[in-house]
Structure formats: structure tokens, C-alpha cells
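In the block that follows, a single chain appears as C-alpha cells, in the form predicted alone.
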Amino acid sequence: MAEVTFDYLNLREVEGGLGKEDLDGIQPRLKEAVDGLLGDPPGFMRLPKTREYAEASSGLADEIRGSGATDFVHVGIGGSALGPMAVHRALNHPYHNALSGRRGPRVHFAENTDPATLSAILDVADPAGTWVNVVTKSGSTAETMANFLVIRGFLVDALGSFGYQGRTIATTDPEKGFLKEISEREDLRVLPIPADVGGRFSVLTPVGLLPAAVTGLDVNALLTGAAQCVDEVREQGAEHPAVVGAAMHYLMDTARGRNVRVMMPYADSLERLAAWFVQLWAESLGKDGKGSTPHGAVGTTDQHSQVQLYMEGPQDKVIEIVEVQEHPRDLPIPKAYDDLEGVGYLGGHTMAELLNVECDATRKALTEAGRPNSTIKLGAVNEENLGYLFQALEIQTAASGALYGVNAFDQPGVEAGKEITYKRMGRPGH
């Protein structure tokens, strides 16, 4: 059973917070929004109970690990990378690739087109034991396909055409697109991205499930947590806390002028979760002059770089703390320097205790300063809780799109830059 809770008390009980009349006033629109999602569920809401993708991903992951693979290169950008990276960073050892007892091969994410990063991957990957997974629904994403062409050349040079084909997976639209055409031409294995699931909502498709399974994570538990969220939303409708959050954040933007939403997890392992959420919120809602600006931060690190602004800067932000109640590991702080009052008091406590005290201190300081904040609490960082949270934030974003009156599932503003790139790089017809 997933343990994820949403606490919005400090969006109401602060100066300039939301009142009962605000929430009562938007309730009919919120109910209409969630009824629309439940009446005709978008593809991402059906994923948690569609176990065929988990089975296909787990089966292929078993083959990859069984082959003695040394390296797994995941090639994708945006929604094809941020979700898998969030899962990997949250649930695997932070130094997975250096760990001698790791589960599965080293994992590398070829995301940006920066040649220094791609060259570095090629420096450390052993071509004799490398598998590549290229992820793009259309097969025409310039950044992804350029990275793939370089890695393809790397593998063909080392393994020959037949060897390269045996180590390459295409995660793409199973019916159409350039990558589908390449997979047929070169007899590559294909994992499907469902036609009705967009990239930023795709973490619970093979896009996120295959790399998770390659490292031995429990992908069924990810889906179980997400399914629990969907079931709860069906039962509770507009009363579900994630759906209530859609109204809260919408009103903070449109009625209170707080158009910056800061997600600040108090765990290094959730830093990529915040990056994933930034894309989800920004690309889904930033249309027609609407939408608030998401920003990622990490506690306690950013207490020393950003919290000054949050405490005493413009009153245009909502801070959303992500708190982990039980950390996977802890370390005692040894007693030393008892004669130094600025140091000695730390001895006898633990690092997890300090982290959670700092989390609560930031929350209380923001509240006392009249700075609206909310909290998402995870019982622990595990597969079920992460799956639940992915699903909850996706549902919240989709409901927010209905409140803003925008299509949460397209991204027309991204296309202009793509067209310019195609033209300058010489793509025919552009």
C-alpha cells in the first residue's frame, strides 16, 4: 500500500492564502474537470492496469542482464528521458555505475546533444557488452536520432551490423514513424509507446519500465502504486487530495498572483523527480498566456542558495516541499568538540534526523513569514510510493489544464524551434 499524503494547510492559514469561499467557488469547475478525466480517461490513466508493458519490459530486461551486459545506454530527450532518469535516481544507488555489487549493467542517459557528454559515454562504455535503447515516438526527434546515429556507429564499428542489431532496442510508436521504419529495415526489437500517451506522461510505459527493470527494480510495484492512485481518484473524485491540489495551485496563480511553483524535495534521490515535474507542468499548461512557472530545488542544499529569495523576495511563489519520513539509510553523527557550542551539539543525533528537522524548520519559517507552502509526504522512497506520486501529479496536471482551459496534452510552442532546426540542418521539405 502506497504511503503518499498531500498537506495544503499552509496554503490556507497564511496571510494572502486561500479562503473557504475561494475553494467553494471553484468546486463546480473542479468536479467537471475530474468527471471529464474519469468519464473518458486519457491514456496515461489506463497504464497502471495494463500489465503487458511491464511483462514485455521485464522479459527483455532479463535477456539484457542474462547476456552479461556491461552497459545500457538510454537515448532520449524530454519526456523520453526525464521519467526514466527520475526513477533511476530515486530508487537505485546514487553511484550505481561504480558499485561492484550492482544489479545489472551500468546505465547511461544520452539526453542532450552536447558532444562532450556523448563522448564521455563512449569513453566508458564497453562496446562488446553495450546495449542501446533509442526512445522517440516519431523517430524524427533530431537530438535523439543524432545521439543514436553516433552510438549506432560506435556499435557497428565494434560488433558489425549483425552484432549491432542484436543489441539495439527501439522504443517507439509501434504503427508508424521513422524509428518504426528503421526497426523493420534492420530487424530491431521494438517496445511500444502507446499512441494515446504523450512523452511527458510516459514514465509508466516501456519508456520508463525497461530501464527500471534492467537495474532490477520492481516495475510491477511502480504500477501497483499508480493503480492505487487511480482507484482512489475514482472513489473520491474532486475530493482526492491530488485533485484538490489542482484547484489550489490554479487559484494561487490566477487569484493570488503566485505564478511560480517551486518543488523542493528533501532528499537528493528526488532531485530528478522535480526535474520531471518541471517538464510535466510547464509543457502541459504553458499555453495561451496561461500557466504558472515550475522550478526545482533540493533541501537542504537550496536553503543555502534560494530560500532567502523565498522568504523575503517577491510574493509570487508557492513552495511545495516533498518530505521523506523514513530514509533508506542513516548515519549517526559522532560526538566531538563538546567544548565548541557551535559544533558539539550535533553529536548524538543522526543525519536523517538533521535532514528532517531542517525540512520542518523551512516549512515553519515560510509559514511564519506569510509565505504559502504545501507538503507532499512519502512514507519512504520506494517503487509503490513513486508510482503513486507520478500518477497523482499527472492527474493533477491534467485537471489543472481543464481549469486553465488549455489542452494539457499538446505542445505547439515546442514545434517552432524544431522547424528552424530541421531547416538549418537540411532536412528535406523544411
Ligand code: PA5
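What you are looking at is a predicted structure, and each value in this text was computed from that prediction instead of being measured. Note that residue numbering begins at 1 and tracks the sequence as displayed.
One more form of this protein should be noted, the form predicted in complex with this ligand, which is absent from this view; the next part is about it.
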_Among the candidate stretches 183-191, 160-168, 73-81, 355-363, which one is within 4.5 Å of this ligand in the predicted complex when only heavy atoms are counted?_
73-81
*Taking heavy atoms and a 4.5 Å cut-off, does Q279 contact this ligand in the predicted complex?*
yes
*Can any non-hydrogen atom of Q411 be found within 4.5 angstroms of this ligand in the predicted complex?*
yes
*Answer yes if any heavy atom of G199 is within 4.5 Å of a heavy atom of this ligand in the predicted complex; otherwise answer no.*
yes
*Look up in the predicted complex whether E283 has a non-hydrogen atom within 4.5 angstroms of this ligand, and give yes or no.*
yes
_Within 4.5 Å, heavy atoms only, which of S292, T141, S269, T215 is in contact with this ligand in the predicted complex?_
T141
*Just one of T205, T130, N147, T136 has a heavy atom within 4.5 angstroms of this ligand in the predicted complex, so which one?*
T136
